[in-house]
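One chain comes next, on its own, written as structure tokens: the form predicted alone.
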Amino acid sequence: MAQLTEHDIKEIVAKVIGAMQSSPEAKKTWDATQYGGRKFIGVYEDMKSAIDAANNGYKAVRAMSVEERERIITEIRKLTREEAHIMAEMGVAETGMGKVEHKRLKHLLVADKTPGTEDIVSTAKTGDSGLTLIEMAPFGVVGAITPSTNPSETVICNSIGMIAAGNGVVFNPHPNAIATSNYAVDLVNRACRAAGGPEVLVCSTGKPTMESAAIMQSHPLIKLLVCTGGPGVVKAVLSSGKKAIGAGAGNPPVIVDDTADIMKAAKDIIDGCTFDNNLPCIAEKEVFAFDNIADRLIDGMKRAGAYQITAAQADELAKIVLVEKTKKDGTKTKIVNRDCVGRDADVILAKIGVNVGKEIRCIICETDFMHDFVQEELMMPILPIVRVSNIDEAIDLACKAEAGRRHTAHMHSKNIDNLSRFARAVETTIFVKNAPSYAGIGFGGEGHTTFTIAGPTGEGITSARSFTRQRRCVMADSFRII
């Protein structure tokens, strides 16, 4: 098959998204296995067929050398860079969330900073009793659930790591991001074929549902489950009885003390909070600012593109972005309004009659600690600011807001003792000091990237080695040469 030009792909994207958005009926009946007559590689009608194909992919990758796997990964990186803008456009058009340019940058980050086979390192131990070799072996077929917030980014990032580890992969994409997720599955398979690998290496389904996820979770060929999503789906995979890696929700707090570079902190916080309209789970969600610098911090945020609303406007907006839901037991809870998640700040402000231009990136407001904006993870460019008197109060409230998720936290300070105290108290997987949140996944900071941050199950910043199991080979009383 000849490689499509960018013009060809844009035409396909326009047709598909147009069909999906034309009516609810069209979205329900749209065939996610092909676009404009071009059939995607590795996308099947049902989950059982996808799992069978992924098992064949596992057999194929098991037969490959490490060098052959790395050639495939190199080609995945190449196509991801070339088609980053296409997937970014698809993601925004299909889900209505985020920003095209930021999603493009996230794809480049995945291409450049996702570890490959170099992450799989064997170790050996010798002693008086001989030699023991420990190797990182694949699980087999991995079942992966992916989100709508970072759909193609997660598929590609996971594919690189799981292929490097020698696994087969089957994805159950979020139903609101089928097109974008399956485009990424197709990209991985196109890369595999271009590198001399099998026709199908990773798989997906054109009709992902809760039922298809349940089939995946119970299927005997699935040896490892990897879930990147909300608390509900993470809980489901952790209850499956299988080995599971769960990347759950966060509510990352930010502390700004009076030793920080206030203007830099203001810009860094707004940059991080507004990256892809706050969709990354690592993004700044609430700020705890020392009272003696809060006014300067707010002024710096406004200079960086924030718009401050009043307390009354914040209460009005909270009723729009959070909606009440009745649970099965009759109790009521608040959930995030999906129509507001990942939307631009000016679009959200218009809902309360405030009209601003696109230069406004973030909505800020002063609140008390118990305000819904502090307690709930919104995943939209709304940033509450809570004044605190000292570091003790800041750490106490920040940890309560983070609520033991152990995901991500941030602090702007030049006081090493304060930084250390907060890091010890909050116990998060990622702790970013004096930088925007995205530095925590390697964008403007050191270290590899991932879009599966496994706080609940403890793997943390996942990479290829996270998708392996240890195997030990022992030669007793032999092969020690010293």
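All figures in this text were calculated on a predicted structure; none of them were measured in a lab. Numbers for residues come from their place in the sequence shown, where the first is 1.
The same protein also exists as the form predicted together with a small molecule; that form is not shown, yet it is the one meant from here on.
Colleague: Tell me which of 359-367, 263-271, 185-193, 229-237 has residues with heavy atoms within 4.5 angstroms of the small molecule in the predicted bound form?
Modeller: It is the stretch 229-237.
Colleague: So, G98 and the small molecule: in the predicted bound form, are they within 4.5 Å at any heavy atom pair?
Modeller: Contact check for G98: no, nothing within 4.5 Å of the small molecule in the predicted bound form.
Colleague: Find out whether any non-hydrogen atom of K400 is located within 4.5 angstroms of the small molecule in the predicted bound form, and reply yes or no.
Modeller: Judged by the heavy-atom cut-off of 4.5 Å, K400 is well away from the small molecule in the predicted bound form.
Colleague: Considering non-hydrogen atoms and a 4.5 Å limit, does the small molecule approach L133 in the predicted bound form?
Modeller: Judged by the heavy-atom cut-off of 4.5 Å, L133 is well away from the small molecule in the predicted bound form.
Colleague: Is G250 close enough to touch the small molecule in the predicted bound form, meaning at least one heavy atom pair within 4.5 Å?
Modeller: Because a heavy atom of G250 falls inside 4.5 Å of the small molecule in the predicted bound form, the answer is yes.
Colleague: Of V254, I73, I145, A165, which residue is found within 4.5 angstroms of the small molecule in the predicted bound form when only non-hydrogen atoms are counted?
Modeller: By the 4.5 Å heavy-atom cutoff, the listed residue in contact is I145.
Colleague: Which residue, F451, Y58, Y438, F422, has a heavy atom that falls within 4.5 Å of the small molecule in the predicted bound form?
Modeller: The option sitting close enough to the partner is F451.
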